[in-house]
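The chain that follows stands alone, in the form predicted on its own, written as structure tokens.
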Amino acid sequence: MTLRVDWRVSVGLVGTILKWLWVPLSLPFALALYDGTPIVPFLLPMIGTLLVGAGLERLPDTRDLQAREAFLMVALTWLTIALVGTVPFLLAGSGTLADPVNALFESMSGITTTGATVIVDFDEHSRAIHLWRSTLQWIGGLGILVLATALLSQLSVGGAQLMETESQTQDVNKLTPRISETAGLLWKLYIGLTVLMIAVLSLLRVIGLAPEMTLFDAVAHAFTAVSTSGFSPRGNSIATFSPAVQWAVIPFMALGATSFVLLYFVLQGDFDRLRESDEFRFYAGILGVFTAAVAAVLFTDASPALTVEETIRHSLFQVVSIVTTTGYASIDFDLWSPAAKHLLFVGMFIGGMAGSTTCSIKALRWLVVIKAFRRDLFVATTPSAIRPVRLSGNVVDEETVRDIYAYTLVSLVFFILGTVFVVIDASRAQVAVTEFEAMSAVAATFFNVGPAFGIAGPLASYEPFPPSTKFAMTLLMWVGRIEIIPVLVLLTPSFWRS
């Protein structure tokens, strides 16, 4: 029996990524220097990741990156960065993040762009710590795998399979002749959207429409909106800010959950792709239908009393926030009626477009599931008919349809098992958690949405959950963000044996 997977290839490439983590760590380090707050929480991991990464990078390897090594690298990359991200929280030693389980939860929530937090007192943490939370989400949004392929291409290592794992689109390899150029192009779009949002939020302050907005707030929220992540340095999230800010944030959340490949072609003037994209129309339709449904429910509710503008704004904001898995809150929607809350709960399972920074099952898969189910119903009544599933005019092969069916089913199984565990574990620890609170918390962590309902509501915290539950949710965030398969593949004996 021989070992087919060369772990040294995967670990060596993870080392390359670690070696460059000093760059994002330098942002909170510089802010800590400016504010006069402790710099050790950032200086030590900067030095440590540089040394350890350089050492791992020197591991000998016998071949280029293959499919098995790619699966291992994807899983190790997110896990390793989450562990590194824990270090500044522990070294800072303040608030709930001084606890190792809480620190790992917060870090994993950051790099997986989940946005679930265990922080209770936001003012207890320095601006540098809050910037590190936002930076983790920014590099996790589109970024870490694209950054990896850009670096690895310099080593003449193929990275197309990693881009496909993150973007889930074949078009990504057709943008430019080289994967490194594609990675650079997507990063330019990503950075461009981030800078644009910083400028918009800063302009709102200058013209007097956002008096609470500081430059720090603008940067922190731009990092976590474009990456559809949801961390905020403010305890009340976007509800802290004026209606103008809330309106301004909505399009950036929506764009962050739109295929960056599609955005690229639109910027090149190819608007036909936008019009012809079944996925985009489905994604936009979901946002529109859910917004109308939530608004209709809120209009009929007596409490809380909202004006027409407030009803439309909060309905649109929260639907976009939840469906795109950003997780911001413009209002404490946990106070809404059960009907409105259950609509948002369903939205957690949808997600934005493939090839974006969004999480969850994603609109593309749901669209294929719906089309395939309609086809199956038609064929059931007309057995002799041949009716392939089509997406934007192209036939989807049956193997892909089966894979999507399987992925959707496995996702729901994970959700169910996670809910059962949370209910049982909370009962064991004598923590009062209702079934709906458990369901929403598992959906919010596994599908990387962030806020849930009740005990972990939009203006609350996951801190009250037992440590064992928080550790399980940390694993759910990790598995959910890398879309289940890389982890399941690693658990199969055939992955490691010939």
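Position 1 is the first residue in the sequence shown; the rest follow in order. The model shown is predicted, which means the values in this text are computed figures rather than measured ones.
Below, we turn to the form predicted in complex with another copy of the chain, even though it does not appear here.
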>> Can you work out whether residue 436 and another copy of the chain are in contact in the model of the complex, taking contact to mean some heavy atom pair no more than 4.5 Å apart?
In response: yes
> Using 4.5 Å between non-hydrogen atoms, is residue 311 touching another copy of the chain in the model of the complex?
Replying inline: no
> Quick one: is residue 123 in contact with another copy of the chain in the model of the complex, heavy atoms, 4.5 Å cut-off?
Replying inline: no
> Taking the shortest heavy atom distance, is residue 71 within 4.5 Å of another copy of the chain in the model of the complex?
Replying inline: yes
> So which of 338, 393, 208, 93 gets a non-hydrogen atom within 4.5 Å of another copy of the chain in the model of the complex?
Replying inline: 338
> Which residue among 297, 331, 316, 249 has a heavy atom within 4.5 angstroms of another copy of the chain in the model of the complex?
Replying inline: 297
>> Each of 369, 382 and 408 within 4.5 Å of another copy of the chain in the model of the complex, by any heavy atom, yes or no?
In response: yes
>> Among the candidate stretches 222 to 230, 239 to 247, 339 to 347, 188 to 196, which one is within 4.5 Å of another copy of the chain in the model of the complex when only heavy atoms are counted?
In response: 339 to 347
> Looking at another copy of the chain in the model of the complex, which residues in 471 to 494 have at least one heavy atom within 4.5 Å of it?
Replying inline: 485, 488, 489, 492, 494
